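Shown here is one chain on its own, the form predicted alone, set out as structure tokens.
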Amino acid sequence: MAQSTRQGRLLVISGPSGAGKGTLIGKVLPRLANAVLSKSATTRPMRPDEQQGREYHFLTPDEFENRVREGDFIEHVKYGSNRYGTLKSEVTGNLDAGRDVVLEIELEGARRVRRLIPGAVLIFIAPPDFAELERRLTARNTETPAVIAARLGRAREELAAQKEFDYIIVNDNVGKAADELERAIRSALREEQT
């Protein structure tokens, strides 16, 4: 049996905190037989419902900095008081094996990936409006008012950068937005084959 020589494709999903990126990815990923989700590394504390390696690779600040020095990251950023990054080990093996890799990262990381890997597909998830984004962040009840305010300030910059992305999905209805995300990904993968 001949093995596929197809190189996987990098699919970057970005947008402001609270736009619903994780929810949409969770709905679409099972529909894509050849796609895997890359787990980011972070220095932020693990939440009670999270597990090491499931949502993130949780690292201490020293561990994170050591891995930066070793060149283990494709991209890494500081977001708020924490650091986040995409480990090369999470991406390269899957791409080389022909699997498409989904990254859920913020704007600065998406820009870095675009510079390093020009063939990456960038998809922006937007809230229906700013008031809804604020409502979602507050309803999570996982951050302090100061953190929410910082995220909302950052969201203004992220929303202004939508034009830098290949696809923009407005998450005003989860089912509809998930279908649009799936169509965007499938369209990008078809374009690659032509």
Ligand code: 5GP
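In this text, all values refer to a predicted model and were calculated from it rather than measured experimentally. We number the residues from 1 along the sequence you see.
Beyond the structure shown, there is the form predicted together with ligand 5GP, which is absent from this document and is the topic of what follows.
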| property | result |
| --- | --- |
| Proximity to ligand 5GP in the predicted complex, single hit among R54, R140, R31, R156 (heavy atom within 4.5 Å) | R140 |
| Candidate spot S40, V77 and T86, all three touching ligand 5GP in the predicted complex (heavy atom, 4.5 Å) | yes |
| Distance check, D72 to ligand 5GP in the predicted complex, heavy atom within 4.5 Å | no |
| 4.5 Å heavy atom contact, R135 to ligand 5GP in the predicted complex | no |
| 4.5 Å heavy atom contact, K21 to ligand 5GP in the predicted complex | yes |
| Any non-hydrogen atom of I105 within 4.5 angstroms of ligand 5GP in the predicted complex | yes |
| In the predicted complex, residues of 149 to 166 near ligand 5GP [heavy atom within 4.5 Å] | R151 |
